[in-house]
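Before any questions on how it binds or moves, here is one chain, the form predicted alone, in structure tokens.
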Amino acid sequence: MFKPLKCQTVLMILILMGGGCADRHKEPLIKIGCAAPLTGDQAQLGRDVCRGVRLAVEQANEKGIGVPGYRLEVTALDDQHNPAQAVNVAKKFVADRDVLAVMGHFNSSCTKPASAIYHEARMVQITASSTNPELSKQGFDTFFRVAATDDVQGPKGARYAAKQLDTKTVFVIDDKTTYGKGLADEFQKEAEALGLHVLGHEGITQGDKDFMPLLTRVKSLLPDMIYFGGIYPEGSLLVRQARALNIPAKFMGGDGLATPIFIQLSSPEIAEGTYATMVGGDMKKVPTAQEFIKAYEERYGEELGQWSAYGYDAANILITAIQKAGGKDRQAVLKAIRGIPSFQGVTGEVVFDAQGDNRNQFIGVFKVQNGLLAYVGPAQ
């Protein structure tokens, strides 16, 4: 015969499951979305950004910063660096009325279609890492970014190649994405303006593995440098295969290569001497960032990711706007973020212009030295 369980027994079961005899009080939530590649070959980049966002939110909750009576929470969704999936992710965030704003996306090719979804919903979107300059020219007043843009990064990379590395001839390769082609095009325009001879410009496809036919043609042209606009999975294969063909040309790319993962995939010996520009400098040498770095590495048990500080700053800007808005209201958050004249973050001062771009755009140069990504200095 069935005997009803005593409340104490039920209570113990529900405690183990996360419940209780009576309805447990749940503090109302305000969610911050984080959209990025969280699986696949670019997952580390997405995790780095979302970890920065999560740390900012956890610290805000500890300090009681936000809207009184609400707890902040991060909801991270995987866009798989796929534009179609990014649109699906954006629609999920918009449909969740607890989500007031989104940090993302990581890739420019994902940010572009998703930004239209957020704009229609009047939801704030801050990207920590999408650098294509066309994103802010769409006229969406819901769009913001803390990173520098490729119409700054590409030309500065070209000037560094010409003036500091004495490059005379270059072959340009891109991965055909919004980010990669946009960056490579900006590099090429400035390179040609400086008098460099661009021997060719070819596109590859993300996910491809064999670049030997292209590199064999490149080898016959004897370039001083190969410049790549793209991300480390393909960048590492390009440099490995170029060295296998005994191509002595210098190898340079943008922020998609400015990560230790590029070195690991290429192998330290093969990556040695390659260059990458990045939308910032060496965070470990920034005095005001030391407390953040310590908290980050204690929280996650790993070294600071290359994009984590930008995710952290983007989240803290949003948290400031949520606090100023004083309620669970997307439109109020948008108005509040537009009213923030400047924000002093760990990456520096962030000042949004009318298009949502950061007026302060710093580009650093990194070089692989002794198996490590070493900061060389600012690109002029």
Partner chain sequence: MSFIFLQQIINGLTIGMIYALIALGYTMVYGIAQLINFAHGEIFMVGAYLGLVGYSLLKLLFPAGGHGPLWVAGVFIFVMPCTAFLGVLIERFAYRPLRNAPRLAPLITAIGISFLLQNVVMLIFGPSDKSFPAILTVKNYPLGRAAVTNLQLFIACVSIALMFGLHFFVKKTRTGKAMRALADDREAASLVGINTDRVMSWAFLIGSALAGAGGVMFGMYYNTINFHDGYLAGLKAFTAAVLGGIGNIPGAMFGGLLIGILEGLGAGYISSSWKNVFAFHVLILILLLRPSGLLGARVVKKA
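Positions refer to the first chain, counted from 1. Since we're looking at a predicted model, the values are computed, not measured.
The same protein has a further form, the form predicted together with its partner chain, not shown here; the description that follows concerns it.
S.K.: I have 40, 216 and 245 flagged as a candidate spot, so tell me whether each of them has a non-hydrogen atom within 4.5 Å of its partner chain in the model of the complex.
M.R.: Checked in the model of the complex: all three residues contact its partner chain.
S.K.: For the interface check, one of 308-316, 351-359, 32-40, 326-334 should have non-hydrogen atoms within 4.5 Å of its partner chain in the model of the complex; which one?
M.R.: Looking at the partner contacts, the answer comes out as 32-40.
S.K.: Can residue 210 be called a contact residue for its partner chain in the model of the complex at 4.5 Å between heavy atoms?
M.R.: Contact with its partner chain, yes.
S.K.: With a cut-off of 4.5 Å between heavy atoms, is residue 113 one of the residues that contacts its partner chain in the model of the complex?
M.R.: Answer no; every heavy atom of residue 113 is more than 4.5 Å from its partner chain in the model of the complex.
S.K.: Do residue 264 and its partner chain share at least one heavy atom pair within 4.5 Å in the model of the complex?
M.R.: Contact check for residue 264: yes, within 4.5 Å of its partner chain in the model of the complex.
S.K.: Given that its partner chain is not shown alongside this chain, does residue 200 nevertheless sit within 4.5 Å of it in the model of the complex, heavy atom to heavy atom?
M.R.: Although its partner chain is absent here, residue 200 would stay clear of it in the model of the complex, with no heavy atoms inside 4.5 Å.
S.K.: Looking at 71, 92, 240, 189 here, can you tell me which has any non-hydrogen atom within 4.5 angstroms of its partner chain in the model of the complex?
M.R.: For this set of options, the contacting one is 240.
S.K.: Which listed residue (233, 281, 260, 155) meets the criterion of a heavy atom within 4.5 Å of its partner chain in the model of the complex?
M.R.: That would be 233.
S.K.: Listed by sequence position, which residues of 131-149 have a non-hydrogen atom within 4.5 angstroms of its partner chain in the model of the complex?
M.R.: Residues within 4.5 Å: none.
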